[in-house]
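Coming up is one lone chain in structure tokens, specifically the form predicted on its own.
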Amino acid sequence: MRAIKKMDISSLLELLSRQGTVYVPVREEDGLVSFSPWSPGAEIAWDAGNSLVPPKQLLFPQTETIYRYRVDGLNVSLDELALDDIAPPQVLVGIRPCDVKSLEVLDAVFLTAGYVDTFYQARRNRTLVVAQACTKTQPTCFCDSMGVSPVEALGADIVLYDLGEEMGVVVQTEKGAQALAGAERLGQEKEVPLPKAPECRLSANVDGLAERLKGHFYDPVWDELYRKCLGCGICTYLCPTCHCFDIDRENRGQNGWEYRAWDSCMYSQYTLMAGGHNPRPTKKERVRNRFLHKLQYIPERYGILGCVGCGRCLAKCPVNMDITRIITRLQEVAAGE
């Protein structure tokens, strides 16, 4: 790997900025960490662990305009959005292995199985992913139970390793190699073994769970599991793989625009139909759907888990709903215990 002194990291970011806007994890005034545009001199929160809000918002924005229109009498004209407005080139630096894995889930949802979301596709194609391997885990991490290594990020173009005084840089794709053309002047090549993966404190056994959950849709366990939930939806907004959205429009005189915005399957109106029917009328149905979606439906449809073990949901849940305990309970039920 190429080892670059940390004091020269700004030169690396300057080089990467030729590819587009560079986003890095930054600690805000309130102490929360989020991905923000980098500028020389910016203090990067390399040691902060996961950001509170996952970087999915840079590929699947919380709110985005789909198209604009103008009504003039009986005539309606549409304005197509320019590619640079939809998806300006960008570089995500410091994204953790669990969040890199979450992109695999979003790619499956938005780009496969007979459906391609052109907005997501445009951003994905114009995004360079520079991951940062973890040197330690947070109390709520359980990514290694979900098939993610804290020190590997197979879907990233480049991976950074904290080597103490230096930052190790490993290129994993041709896209990453092209972005680092000219980086020979930075640091030097070294034979450095990859750091040992830190152990997660939490664990969950998902072996065979998707298959075992079949036939448990009406199981009494859901009466037990849903009662604690407040239905606030924070778990879905912080989840790096959740992707529910709503579509609405705004009008200003003769002009208007259609937009989509994040929504949550934990809200009763999400599945409310025009005729008044709601297939998930109570919290029980919504909690059941949330966990079956991640642990059974996504694995069945795409062959991957819908949870990456980042731990954000259990870290911020106001009533401490712990998905690892729920997985354990579901395994017990599926095993007939």
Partner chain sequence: MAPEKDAQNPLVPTVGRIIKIIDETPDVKTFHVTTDHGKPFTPMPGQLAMLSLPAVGEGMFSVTWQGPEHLEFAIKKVGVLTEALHEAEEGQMVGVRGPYGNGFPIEMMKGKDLLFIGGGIGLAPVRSLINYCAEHRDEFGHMWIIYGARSPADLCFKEELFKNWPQIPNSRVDITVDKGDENWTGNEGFVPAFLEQLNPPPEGKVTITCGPPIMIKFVLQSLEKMNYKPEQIVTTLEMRMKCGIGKCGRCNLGSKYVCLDGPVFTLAELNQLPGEY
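Just so we're clear, the structure is a prediction, and the values are computed from it rather than from any experiment. Positions refer to the first chain, counted from 1.
Keep in mind the form predicted together with the partner chain is missing from the figure; the text below concerns it.
Of the residues Asp263, Asp219, Glu104, Glu152, which one places a heavy atom within 4.5 Å of the partner chain in the predicted complex? Among Asp263, Asp219, Glu104, Glu152, a heavy atom within 4.5 Å of the partner chain in the predicted complex occurs only for Asp263.
Quick one: of Asp84, Asp207, Glu174, Glu189, which gets a non-hydrogen atom within 4.5 angstroms of the partner chain in the predicted complex? For this set of options, the contacting one is Asp84.
Hey, in the predicted complex, does Tyr161 get a heavy atom within 4.5 angstroms of the partner chain? Looking in the predicted complex, residue contacts with the partner chain do not include Tyr161, since no heavy atom lies within 4.5 Å.
Contact test in the predicted complex: Gln269 vs the partner chain, heavy atoms, 4.5 Å: Yes, Gln269 is a contact residue.
Please tell me whether any heavy atom belonging to Glu43 falls inside 4.5 Å of a heavy atom of the partner chain, as the geometry stands in the predicted complex. Although the partner chain is absent here, Glu43 would stay clear of it in the predicted complex, with no heavy atoms inside 4.5 Å.
Touches the partner chain in the predicted complex: Leu32 (any heavy atom, 4.5 Å): Leu32: no contact with the partner chain in the predicted complex.
Partner-facing stretch of 67-75, 166-174, 199-207, 222-230, counted where any non-hydrogen atom is within 4.5 angstroms of the partner chain in the predicted complex: The contacting stretch here is 67-75.
Since the partner is left out here, which residues of 289-307 would have a heavy atom within 4.5 Å of the partner chain in the predicted complex? Result: Asn289, His293, Tyr297, Glu300, Arg301, Tyr302.
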